[in-house]
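Shown next as structure tokens: one chain only, the form predicted on its own.
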Amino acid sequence: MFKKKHATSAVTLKETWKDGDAVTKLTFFIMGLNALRHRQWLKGFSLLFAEIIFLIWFFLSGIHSIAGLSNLGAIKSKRVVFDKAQGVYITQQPDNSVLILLFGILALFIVAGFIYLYIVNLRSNKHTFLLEKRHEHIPTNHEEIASLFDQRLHATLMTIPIVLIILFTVLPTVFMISMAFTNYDRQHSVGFSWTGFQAFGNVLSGDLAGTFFPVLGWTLIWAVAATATTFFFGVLLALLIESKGIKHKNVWRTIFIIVYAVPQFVSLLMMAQFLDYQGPLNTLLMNWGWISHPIHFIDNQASPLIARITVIVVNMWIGIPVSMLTSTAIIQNLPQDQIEAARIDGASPVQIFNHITFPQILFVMSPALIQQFIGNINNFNVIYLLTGGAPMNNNYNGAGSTDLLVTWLYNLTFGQEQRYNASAVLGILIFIISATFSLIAYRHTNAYKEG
């Protein structure tokens, strides 16, 4: 009986077309027709109106939008032509390649969405044909609507979020990626063309290579140092506060939480003023007699090494409270009997930390550390608000000694050169680097191996 039911349910689209009646066959061309026949009004009219609207749009605008992707516009530069109708010379503006590219990609997304709806139509048609063939009950319009809030509630709730993600995340991402294969820059800000991998060549082996690889190296050093220092000292601070004999623990936690509660841009701008050449820190050090002249910490005359150490230290000030809060929650839930047993066996506090406390904290926080590492690769605020990339480096193209890849991308986009294609390439490379490091690191964590 089971095999018979399984064989009957394994109906194919070919069998649906071959054995179905006229309405079933017409549903292959007119979406929702079979649903309308069975009074499934919501499904039927939704699919039918979607097809009508799509076909009207496709023939009036869609074909032209997709065709525009072939050359991103025929007119690439401003030119003067003779208008025979008016009998005068007119200035013909270049085609707006940005809009052509955007509407072309949007058209492809609409076509993909319609293909998905057409597949839904075919599946619904096949399912209805199967129910007819087995003489089973075909859901009514009321039952179909009720199922949207019962068996298919997950699909109903996810529809709007998925559409919004596609429109405001996936579509801009594809648009940005596509710009990497053009010559979109200040000289070609309106009428640009496809150039293949030329922009990638400029970044990896051309005029920007001398900037990309040093900035990449510093970005990775910064990400490792910023992640390691905030994590390690955050754990130590949490252990110190949780130690026996420390009074007023809530007060100490509150003091450090205040640093985290203050908006980051406020802290960074105030630290920039504090570290200024004529700022309070230099004034205090000179009044105390510790230095004879002010130190350039983060301005254009600063040493690259001092500026980089400074941003790492300032980032510790901002990031340690976050690690402290997370570590405190883990430390408070550690098995105390295991720690007490180690103490009875004569283990020192350092040994307990190395073999019990730290491994368990690391086990729990490994995924968060990977996330923090990726966040530091793209940490725009600390560099931009604190140093602005300073000190400038004459050997770099549009970047300073403390610039990360993400701040260099910003400079290329909004700076004087406005190399949008190179910025798009950097965005792609940053994603590849972040994804590669996160996948490799996560697969080597104990949380992944034991999960």
Partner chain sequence: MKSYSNQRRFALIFRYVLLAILAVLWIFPIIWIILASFSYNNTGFVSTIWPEKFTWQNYVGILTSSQYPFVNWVLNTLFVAVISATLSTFVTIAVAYVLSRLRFRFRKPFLQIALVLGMFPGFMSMIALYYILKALNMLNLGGLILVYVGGAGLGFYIAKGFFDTMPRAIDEAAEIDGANKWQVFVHIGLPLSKPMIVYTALTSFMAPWVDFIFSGIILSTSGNPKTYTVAYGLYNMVHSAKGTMAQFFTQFIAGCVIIAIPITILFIVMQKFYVNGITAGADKG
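No experiment lies behind these values; they were computed from the predicted model shown. Residue numbers count along the first chain shown, from 1.
Omitted here: the form predicted in complex with its partner chain. The next part is about that form.
- Interface residue among F232, F175, F181, F358 relative to its partner chain in the predicted bound form, by the heavy atom within 4.5 Å criterion: F175.
- This chain lacks the partner; the member of I309, I344, I221, I255 within 4.5 angstroms of its partner chain in the predicted bound form by a non-hydrogen atom is I255.
- Put simply, I440 is far from its partner chain in the predicted bound form: not one heavy atom of it is within 4.5 Å.
- Contact between R134 and its partner chain in the predicted bound form is not found at the 4.5 Å heavy atom cutoff.
- Proximity of D276 to its partner chain in the predicted bound form falls within the 4.5 Å heavy atom cutoff.
- F28 falls outside the set of residues with a heavy atom inside 4.5 Å of its partner chain in the predicted bound form.
- With the partner left out here, its partner chain still marks one of 116 to 124, 195 to 203, 221 to 229, 344 to 352 in the predicted bound form; by a 4.5 Å heavy atom cut-off that stretch is 116 to 124.
- Annotation for 291 to 315: no interface residues with its partner chain in the predicted bound form [heavy atom within 4.5 Å].
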